[in-house]
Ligand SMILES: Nc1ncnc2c1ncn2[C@@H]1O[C@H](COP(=O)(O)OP(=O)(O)OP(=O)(O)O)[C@@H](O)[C@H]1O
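Below you'll find only one chain, the form predicted on its own, shown as structure tokens.
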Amino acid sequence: MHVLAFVNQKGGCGKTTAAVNLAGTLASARAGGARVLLVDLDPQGHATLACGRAPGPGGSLLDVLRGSATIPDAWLEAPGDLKLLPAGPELAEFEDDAVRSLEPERRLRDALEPLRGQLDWVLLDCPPRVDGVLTANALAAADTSVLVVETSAFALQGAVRARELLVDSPWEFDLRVLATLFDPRTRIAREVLVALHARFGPRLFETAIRSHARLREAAARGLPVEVLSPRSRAAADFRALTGEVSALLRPDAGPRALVPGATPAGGPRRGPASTGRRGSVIP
């Protein structure tokens, strides 16, 4: 079981879109039909809504974090053969619970542990902040943290700041960066993508997720794009990303664990240096 946490310090960067659609593609027959759980850690519940669902009688992520339900008690079947652990506005109450709790950031990791062997992938859609207890739960559970960065003005500065906060995390995980909302017709998007290559080197996925109307339509219909429009360019982007994500399981997959004390500009102190990489997969 490999756990991916999708993070950023702001909303509107395509984080939920990336988590939902990558989950759908990983679970699809084209990708071998992996057993996938999508966990919504955002009190806004956008991943839950993007799957066309709402918390059911078995509970929600909040019940799991409070220990009153197990993950299989609360998960729902979602389109695209996904399991979904839903969330709603009440999840914000966990921030208050955490003040009175011992090691509240370990709750999700502990709840996921019994599912090893039952799932292949767990994707965690985090709230739009890196320093809260909900994101701390995701980072504590994650094997890989995916910093999602839209290719727009000022995005690089925000990504660098978010990376610094991730470096300060006490948890150990591999760090990868995903470029989203890419429009190759605009100069600023191309310049930001080049800057991301220069800044993050081999930690940047080669696939850039392009802006596409099909992604907005898929979210509105509560479906992964792989289900709604498998022949679209949007679905092709996520199949390319699926190939890269699957390669993370190989022992030679490149940069490894990010640990406290890593230098923000030069990559972690152990593992390969960030010295350059090939271009992204952009037709």
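Predicted model only: the values in this text are computed from it and were never measured. Start at 1 and count along the sequence shown; that's the residue number.
Below: the form predicted together with the named molecule, not depicted.
Problem set entry | Which of 159-167, 132-140, 207-215, 189-197 lines the interface with the named molecule in the predicted bound form (heavy atom within 4.5 Å) | Contact-bearing stretch, as computed: 207-215.
Problem set entry | Touches the named molecule in the predicted bound form: Ser246 (any heavy atom, 4.5 Å) | Taking the distances in the predicted bound form, the answer for Ser246 is no, it never comes within 4.5 Å of the named molecule.
Exercise. Quick one: is Cys13 in contact with the named molecule in the predicted bound form, heavy atoms, 4.5 Å cut-off?
Worked result: Residue-level check for Cys13: yes, a contact with the named molecule.
Problem set entry | Proximity of Pro128 to the named molecule in the predicted bound form, heavy atoms at 4.5 Å | Residue-level check for Pro128: yes, a contact with the named molecule.
For this session: Determine whether any heavy atom of Ala111 comes within 4.5 Å of a heavy atom of the named molecule in the predicted bound form, and answer yes or no.
Result: Answer no; every heavy atom of Ala111 is more than 4.5 Å from the named molecule in the predicted bound form.
Exercise. So which of Leu175, Leu181, Ala155, Ile71 reaches within 4.5 angstroms of the named molecule in the predicted bound form, heavy atom to heavy atom?
Worked result: If I apply the 4.5 Å criterion carefully, the residue I get is Leu181.
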